[in-house]
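In structure tokens, one chain follows: the form predicted on its own.
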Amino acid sequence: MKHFSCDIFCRVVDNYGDVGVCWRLARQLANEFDISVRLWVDDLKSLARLCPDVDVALDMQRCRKVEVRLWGVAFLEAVPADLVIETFSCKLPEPYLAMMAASQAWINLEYLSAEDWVEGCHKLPSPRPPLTRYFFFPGFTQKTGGLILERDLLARRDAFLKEGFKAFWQSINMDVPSEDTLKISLFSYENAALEGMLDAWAESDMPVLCLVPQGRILPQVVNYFGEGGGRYALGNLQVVLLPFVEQEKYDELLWACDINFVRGEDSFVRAQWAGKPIVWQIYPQHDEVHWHKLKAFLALYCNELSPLAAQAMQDLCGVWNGNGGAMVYAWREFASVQAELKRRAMAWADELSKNNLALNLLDFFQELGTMRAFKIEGQ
């Protein structure tokens, strides 16, 4: 009985979001299930930011048990894998597609959404004779594909929360903040609401420490404060700029903070596993369908909150995503219900952990009847 193979195709559209999801999935399949995984990616520089072991000069390399290939190289020589994952409708290369047979499973891993229609479209076929592509939707309910969750992630999180704080703060050359300091991580796209948020934190009744890893919001932060060498202070607010952090270190940043501002998909999912209150900046779309996605998620997440806490979270996420509301008021209401939001965040993470994307993906592969001759570790 042989180990089966998997090809994952990724085009980098949003700097690190798309490749971040693909890299996490590739590593999990290779390391937890001993699957032979090739990751085809068109931007090695973005992948190298997430994993410094990647050499951007190499078209083919092996990194953390995953074979990394530069998109467009050697497609004519590549034998298609048993499981082919086309991520986010990136369109498989025609030379590769021409070599695929009906015996190979072809799955399109879609973007994450909480909208109702996702449950009805999950696992639907899309025939392209002699092949059939299947849509696989990540999601927040048992009728979707779930979220990427490594086998030991929550255990590592819990161990960190018990004893990892000191080492984390040492790693970023800071003393452990006082218990009365509200610690916030800020990872964001460019955002017109940033100035109002920084004003609200500066006027806060409690000390606020904001950690900003390198990203697209950085020029706006620097412009707000002016020169400062990466550390700034205003009123009750202290801001510290951090170098770009690889994926594992980003998890620790989320665990170390009390509130996490996140964007897109990958950081959004990781913040949910952190079990801390979140504020999500959804990827803006020209037709504004992102508002429907934001409201659908908030409806699910806020379902178990009190009316006061639910309104506070909806209001702050709305203002942060640019609906023109009053930022200082929205922040104060959000900050006032932190204890309830923290309890909800932990309960939410526990709920989501029962629906693992990698396990669901492999189960679906088995449903398609293509796994009978293959061996998968960890199942």
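Throughout, we count residues from 1 along the sequence that is shown. Keep in mind it's a predicted model, so treat the numbers as computed, not measured.
The protein also exists as the form predicted in complex with a small molecule; that form is not presented, and the subsequent description refers to it.
Only one of the listed residues (E195, E246, D158, E119) places a non-hydrogen atom within 4.5 angstroms of the small molecule in the predicted bound form, and that residue is E246. With the partner omitted here, the residue from A310, L50, C63, V337 that has a non-hydrogen atom within 4.5 angstroms of the small molecule in the predicted bound form is L50.
The three marked residues, E110, G146 and Y301, fail to reach the small molecule in the predicted bound form, with no heavy atom of any inside 4.5 Å.
The shortest heavy atom separation between F9 and the small molecule in the predicted bound form exceeds 4.5 Å. Contact annotation for E86: none of its heavy atoms lies within 4.5 Å of the small molecule in the predicted bound form. Taking the partner from the other structure, the small molecule in the predicted bound form has no heavy atom within 4.5 Å of any heavy atom of F165. Under a 4.5 angstroms non-hydrogen atom cutoff, the small molecule in the predicted bound form has Y283 among its neighbouring residues. With the partner omitted here, the stretch from 93-101, 185-193, 122-130, 220-228 that lies within 4.5 Å of the small molecule by heavy atoms in the predicted bound form is 185-193.
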